[in-house]
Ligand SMILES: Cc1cc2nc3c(=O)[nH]c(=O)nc-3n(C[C@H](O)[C@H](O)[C@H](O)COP(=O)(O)OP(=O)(O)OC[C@H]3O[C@@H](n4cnc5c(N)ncnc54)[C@H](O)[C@@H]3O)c2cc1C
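Let's start with one chain on its own, the form predicted on its own, as structure tokens.
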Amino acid sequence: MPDYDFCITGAGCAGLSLLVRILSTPPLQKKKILLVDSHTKKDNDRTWCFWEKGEGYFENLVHRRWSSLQFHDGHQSRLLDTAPYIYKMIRGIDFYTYCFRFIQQFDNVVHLHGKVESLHSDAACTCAVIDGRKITAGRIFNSIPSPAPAAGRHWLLLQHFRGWVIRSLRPVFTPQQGTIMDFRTTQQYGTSFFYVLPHSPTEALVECTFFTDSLLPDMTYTHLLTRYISKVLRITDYVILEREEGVIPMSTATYPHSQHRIHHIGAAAGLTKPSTGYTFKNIQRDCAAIVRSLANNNEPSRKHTSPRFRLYDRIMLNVLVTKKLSGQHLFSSLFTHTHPADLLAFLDETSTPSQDWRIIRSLPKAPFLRAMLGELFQPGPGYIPVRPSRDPLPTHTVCSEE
């Protein structure tokens, strides 16, 4: 008899989302569950942003919503009406507080602070070694990504970012309007842009984001943030209320969903969308599917990414990594020549073939045709090594989902 029915390793977005859904499902509520993580989750260490129609599973935790988004590429600007989608933000601290308060109602859940040293599963035993102690479980749901790069041939970029929540001494923001991409900044480091998500007329999250193969010195992020706030937003008197930073691997590698009775979830299962870094909604869909199958006493059923969307991601990263086209030019084509609802459905992997065609028609033909032929007839370029210019930042997500 195993020590626990389920062991969930990692108390981040994926681990907590899965556990809350399990405990909300009557056939699973009495299962003996171990949740283990080495962190206490008492800080606002990240922010998840995403778009969706209607209300989502964690709707009560949404901190801010935006019904229109601005795009700037240095030559033109466009205000996008996102209907029927709403762009939403959930703060990490609100998510953690809600989940742990909910979990505390169940005496069949043990929350352990410890380091997961290894996982193992075969026909005889499924177990986790935590701080040198072997703990067995019927199933393990692991959300801790492997430190080693995924095997196989694939593209890889780093999405890294630094952001400040600032308060201006005068009203300067339109609360209902966010800025999803602003390329009015230097492109000397590679694809780089800002986004601005207002909380009120005087407060907003201002963030610089990069898609490159290496990180930048601390002072570079600070310089770019300061310059953007003063020169582009034209704000000179402000205070910094919060700071956040992170790194998201954008990779076309194939990640295993399950290894016997160990089931990977979240970023560990490759649920981060390779071409954008968004993960939150993928996690929610995946956790919902897992819980449905567990409630029916079935093996965890997972929805794999459609082959056509995997191809789209490979083509986009091919274009960006090989610099067939600048990121500014690529995203300008997408955001200025397409209907916002088509584009958001496409990025959300819920678009129809006709919507896909409208998106594809907006892109420069030559670089994308070369990239497509390369992916179809010479699939997999090989692992593109990451060369950090300093020690990597703690991995977490701001405009994303894990």
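For every residue, the number given is its place in the sequence shown, counted from 1. What you are looking at is a predicted structure, and each value in this text was computed from that prediction instead of being measured.
Omitted here: the form predicted together with this ligand. The next part is about that form.
A11 belongs to the set of residues with a heavy atom inside 4.5 Å of this ligand in the predicted bound form.
Taking the partner from the other structure, this ligand in the predicted bound form has a heavy atom within 4.5 Å of a heavy atom of I144. Of the heavy atoms in T279, some are within 4.5 Å of this ligand in the predicted bound form. For D73, no non-hydrogen atom is located within 4.5 Å of this ligand in the predicted bound form, even though that partner is not displayed. No residue in the set L158, R310 and G374 has a non-hydrogen atom no more than 4.5 Å from this ligand in the predicted bound form.
Judged by heavy atoms within 4.5 Å of this ligand in the predicted bound form, the contact stretch among the candidates 113 to 121, 254 to 262, 296 to 304, 215 to 223 is 113 to 121. Checked against this ligand in the predicted bound form, the candidates H339, R65, H39, R361 yield a single residue with a heavy atom inside 4.5 Å, and that residue is H39.
Here is the short version: of P274, G246, G178, G163, the single residue with a heavy atom within 4.5 Å of this ligand in the predicted bound form is G246. Scanning 47 to 69 for heavy atoms within 4.5 Å of this ligand in the predicted bound form gives T47, W48, C49 in sequence order.
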